[in-house]
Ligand SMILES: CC(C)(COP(=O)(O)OP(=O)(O)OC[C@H]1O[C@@H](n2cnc3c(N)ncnc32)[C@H](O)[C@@H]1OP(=O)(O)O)[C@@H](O)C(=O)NCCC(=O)NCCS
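So this first bit is one chain, no partners, the form predicted on its own, shown in structure tokens.
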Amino acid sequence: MTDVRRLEPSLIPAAQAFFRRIPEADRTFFKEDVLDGATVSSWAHDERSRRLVGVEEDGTVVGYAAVIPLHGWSSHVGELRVVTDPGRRRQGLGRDLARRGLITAIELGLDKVVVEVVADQTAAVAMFQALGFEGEALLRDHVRDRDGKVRDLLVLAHGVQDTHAILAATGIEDAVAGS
């Protein structure tokens, strides 16, 4: 069973090993250099953003999620990033990480969460839509992969405070937060 929890200093080596296992083609879509040890180490001490990891019983990190609040006039919005180990994809781990990311966004007081997905990643798009994300923008030829191919980027959004209000009104808020 995979335990999703906040990235803490003791998990940094396992998180770094996780990022090294991500195929180079997938690392194209990170906004940070995840192979840089200082970058990953800084995440465990970042109080503004929340970095979550999926950890196996043996301590192996098999998934990552980040909730990163935006700045200025968009400070009520957070960006959600989710990545799973290639060997663990299509097993529900990404969904679990995304759900915990939404709960974390509520805890941070965010009103809205956005996620960017390459438009042809249909499984990822379907997963986020099943969690209540809706299409907000399509940016044509917005991403260039390592092979030089340009791809469309889909921006999906979720009104987390609306969801939080529904959960509180129906009395299941504590059950969701405990999951």
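Numbers for residues come from their place in the sequence shown, where the first is 1. Please read these numbers as outputs of a predicted model, since none were measured by experiment.
Not pictured, yet referred to below: the form predicted in complex with the named molecule.
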item	value
Of D145, E116, D36, D111, the one that lies within 4.5 Å of the named molecule in the predicted bound form (heavy atoms)	E116
Listed residue that, although the named molecule is not shown, lies within 4.5 Å of it in the predicted bound form (heavy atoms), from V40, M127, L52, V55	M127
A123, heavy atom within 4.5 angstroms of the named molecule in the predicted bound form	yes
Proximity of S74 to the named molecule in the predicted bound form, heavy atoms at 4.5 Å	no
The named molecule contact in the predicted bound form: R89, any heavy atom under 4.5 Å	yes
The named molecule contact in the predicted bound form: E136, any heavy atom under 4.5 Å	no
Stretch 95-114: residues contacting the named molecule in the predicted bound form, 4.5 Å heavy atom cut-off	R95
